[in-house]
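One protein chain, two forms: both are listed below as structure tokens, the first as structure 1 and the second as structure 2.
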Structure 1
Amino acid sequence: MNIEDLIIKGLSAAIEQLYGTSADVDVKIEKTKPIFEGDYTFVVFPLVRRSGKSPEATAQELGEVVLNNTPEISKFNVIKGFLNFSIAPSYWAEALLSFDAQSNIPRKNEKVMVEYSSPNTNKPLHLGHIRNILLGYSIAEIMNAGGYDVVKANLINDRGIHICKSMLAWQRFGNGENPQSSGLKGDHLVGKYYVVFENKLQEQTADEVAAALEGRWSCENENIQKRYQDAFEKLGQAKEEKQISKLKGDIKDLVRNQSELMQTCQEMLRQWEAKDSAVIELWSSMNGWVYEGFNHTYKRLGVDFDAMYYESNTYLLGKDIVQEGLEKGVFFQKADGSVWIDLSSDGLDEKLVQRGDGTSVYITQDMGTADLKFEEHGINRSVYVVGNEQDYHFKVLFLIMSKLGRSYAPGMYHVSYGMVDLPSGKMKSREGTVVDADDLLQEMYDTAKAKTEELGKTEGLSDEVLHELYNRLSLAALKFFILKVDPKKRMLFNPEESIDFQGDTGPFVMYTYARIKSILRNAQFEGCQIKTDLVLHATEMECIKVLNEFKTVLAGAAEEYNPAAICQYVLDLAKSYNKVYNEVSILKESNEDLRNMRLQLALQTSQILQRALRLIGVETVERM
């Protein structure tokens, strides 16, 4: 039993002894704030009504009972309604002796699917995808270490009008080039033609868009013409900049969608859905280029998947569910044949689940895929790692599956993360201004190499060892910088800052690990029994305390889907050990028992650092 559990057990027993049952009291402790004496704090205010005494008197009598019955506690103090406990120094030596860095959290009888990456096959992976991939992979690793049976899944968006844009542009302007003839990765080549399509479309429609924004555009399609006139009339009345911008965008899209290029693209999509052999062949070939490119990037990032889903296989799923929903009265049908759900009683609005012509929308597919995941893997929980622009979509999806009575619905969860910006600003795929993942990985590698050479840390290392060092350092910098930020927050990624050896960075933690491994090599130490009656330095006790918090932090990170908690933990542990390193002698310690204890502390710290870093996808190095 760890020290937190011992204190909680002692508090529960004391509350029952003094005030009767403790069943209705939420007995929680927290770390004592640095400005106060003590290690752990219990807030007594909720007990005041029961004790009939002041907060100070309640804390005092509670502390005395806990102190008398819990030998691990050496003393306590009271600050108003805060009861602060100090742990006996002897406990920390015993804790280090019994600490097992390799022990695991017991397995839970719960299977979880974590879906992440989910790219489109019309462009290469970019910085936004990297945050998604790193979050999803780390959450999966953390949950697996936290006792869950985890399935890592990837849903590839490999069909739709955006895919056809790249296909049509390549068909018209590609002159038969392929990854081999162009020297480009397949995903880069296909992404190039997505940008080409947008550029050609802009050229083809520039004059018409300008005319439409001045009220001088007409269309033979009466429905489109009416929509244009309505939008233009609203534009003339709009006052707010946001509304004006949206209406201009709507008008632009109306004009562009009537162009020859877009009409041909939409026809290509219809041919794809009709299984036209020539279109399917082109689609298969270009997607094959993209998958090869994606796999190269995934491998370089050090991530993998257990299950792959493709929208081309799943987009028709859900139609039976729509019929089921109609029969159950969960959905309703409008006069045009379209099927909807009314979520106004849930604070939302009406949501389309199937078009009037019987074709699927995204949520139709997602309903079917949710069932498919459960049928194939028997999951209890389904975690979707998707950017916060899809918050509404997932609220609707989860409500629908709940109203349909799906047993797994309570376990559906959206890890909603903020976008990633660079100092230069936002990224846009259509204009080709995204930060390409491969380019970023190479930039990180080059920066890691330059920084390491600048610090003079390459002497005596072979080219092969140096290459691995630069690669691991660059990935540690990238992953740590992205994952240390709370997923919910929008973040600014600065490559130069991320690779600082002195900041709160991956390279700083890796350097701490390599320093410890150097100490252990010089001492030729692989572990030993230690005495528990030693007088420990304050920094040593603090470091052992942090070591003992690992499983608690891991369990919390798994429950909250929060890799940032692991990042903060490894920073705390690395900083705590560096204090030990700076304030006590290790290799030159003349007292053999103290020396062995300090080496054992170094060994356990290195093992936990390595284990925790792997949870965020970071591989350590033995020398730096």
Structure 2
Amino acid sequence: MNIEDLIIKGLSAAIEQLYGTSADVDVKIEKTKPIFEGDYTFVVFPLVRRSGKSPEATAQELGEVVLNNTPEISKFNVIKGFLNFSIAPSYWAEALLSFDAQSNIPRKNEKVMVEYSSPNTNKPLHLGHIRNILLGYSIAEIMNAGGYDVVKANLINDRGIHICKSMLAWQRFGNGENPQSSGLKGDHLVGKYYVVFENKLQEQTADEVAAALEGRWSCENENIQKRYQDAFEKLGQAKEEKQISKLKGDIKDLVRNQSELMQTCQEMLRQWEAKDSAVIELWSSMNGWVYEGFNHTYKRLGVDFDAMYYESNTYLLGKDIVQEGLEKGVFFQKADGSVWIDLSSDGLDEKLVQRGDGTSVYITQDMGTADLKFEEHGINRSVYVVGNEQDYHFKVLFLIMSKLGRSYAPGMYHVSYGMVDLPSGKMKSREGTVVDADDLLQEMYDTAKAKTEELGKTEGLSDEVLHELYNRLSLAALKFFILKVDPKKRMLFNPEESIDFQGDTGPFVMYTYARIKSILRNAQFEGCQIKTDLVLHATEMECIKVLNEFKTVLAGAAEEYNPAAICQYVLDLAKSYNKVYNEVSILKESNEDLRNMRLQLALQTSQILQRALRLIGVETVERM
């Protein structure tokens, strides 16, 4: 039992002894703030009504009972309603002796799927994807360490109009270019043609769009013509800038969708769905290039997947669920044949689940895929790592599955993370302000190399080892930077300043680890028995305290889907050990018992650092 539990147990017993029962009291303690004397604090204010005494008197009598029944506590003090316990110095050596950095949280016998990355195959990955990928991977690792069986899944959006855009542009303007001939990474090559398409579309429709915005545009399709006129009329009345730009955008899209280029693109999608062999062939070969590119980036980031889903296989799923929903009366059909769900009683709107022509929308597929995931993998929980702009979508999806009576519905969870901003504002692929994932990784690598060479501490290391070092350093810096902020919050990434190797960073923690390993190497220490009647330095006691918090932090991070908690912890531990490092000498210690104790602390700390870093995808090095 760890020390916090011991104190809580002692407190509960004391409360029961003094005031009858502790059942209705939430007994929790916190670490005493450094400015006060003590290790752990209990706040007695909630108990004063029960005791009928002043906060001071209540704390005093409680403290006396706990002191008597808990040998690990050496003394206590009372300040106002705060009861501060001091742990007996002799306890810490024992705690270190019984501490096992390798021990695991018991398995929970619960299977969780974590879906992350889920890219489109028409563009290369960028910084936004990186946040998603790092979060997903880390959450999966944390949950696994937290006792869950985890399936990492990737649902690839490999079909649809956006894919056809790249295909059509390549067909028309590509001159047979391929990754080999161009030297471009597959996903970048396909992305290039996506941009070509957008540019050509803009060129070819510029005049028409301009005319349309002045009211001089017409379309043979009555439906479209009507929508255009509506929009144009509204534009004339609109006053707010936001509304005006939205309406202009609507009109632009309307016009562009009628262009030859877009019509051909639509036709291509229809041919794809009809399994036209030429289209399918082009599609497979271009997607192949993209997968090759993605896999390269995934590998470089050090992430992997256990299950792959492809939308080309799943896009028809969910239609039977639409039928089921109609039969159950959960959905209803409108006159045009479209199918909806009315969620107004849940504070939401009506939501379309199938188009009038019987084709699927996004959520139709997601309903089908939800069933598929639970059936295929026998999971208890399904976690979706997806940006917060889709909050509404998942709210609706989960509500629908619950209304359809899916027993798994309570196990669906959306890890909703914020966008990554640049100093210039939001990343926009159209304006070329995205930070490309591969470019970023390369820059990081170069920076890590330059920084390391500048410090000049790596003499005698082989090129191979050095390459691995630069790689790990750069990834540590990037991963730590991204994962240390609360996933829910939007974050700012400044390419010039964000990636540091000093301070609260991944390399800082790696450095702490490497220094410890250096000591252990020199001492040729691999663990031993230690005596428990030693006098520890205050920094050592503090460090052991932090070591003991690991499992609590891990369990919390798993329940909250929060890698940032691990980052924060790993920083605490590294800082705490660095203080020990500066305060006490190990190799020069002549007292063998003390020396062994310190080596043991070093060993345990290094193991926890390594374990914790792995949870956020950071690999350690022996030297740096």
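So that the term is clear: the rigid core is the largest set of C-alpha atoms that superpose within 1.5 Å between two forms. FYI, numbering is relative to structure 1, first residue = 1. It should be emphasised that the depicted structure is a prediction, and the values quoted were computed from it without experimental measurement.
Trainee: Structure 1 or 2, which would you say is the form predicted alone?
Mentor: Pick structure 1 here.
Trainee: Is F42 among the residues whose Cα moves by 2 Å or more between structure 1 and structure 2 after superposition of the rigid core?
Mentor: The answer is yes; the displacement is at least 2 Å.
Trainee: Once the core is aligned, please say if the CA of G556 is shifted by at least 2 angstroms between structure 1 and structure 2.
Mentor: Comparing forms between structure 1 and structure 2, the G556 CA shifts below 2 Å.
Trainee: Compare the position of the CA of P495 between structure 1 and structure 2 after a rigid core fit and state whether the shift reaches 2 Å.
Mentor: It does shift by 2 Å or more.
Trainee: Provide the displacement, in Å, of the CA of S54 between structure 1 and structure 2, taking the core as the superposition reference.
Mentor: Reported C-alpha shift between structure 1 and structure 2: 3.3 Å at S54.
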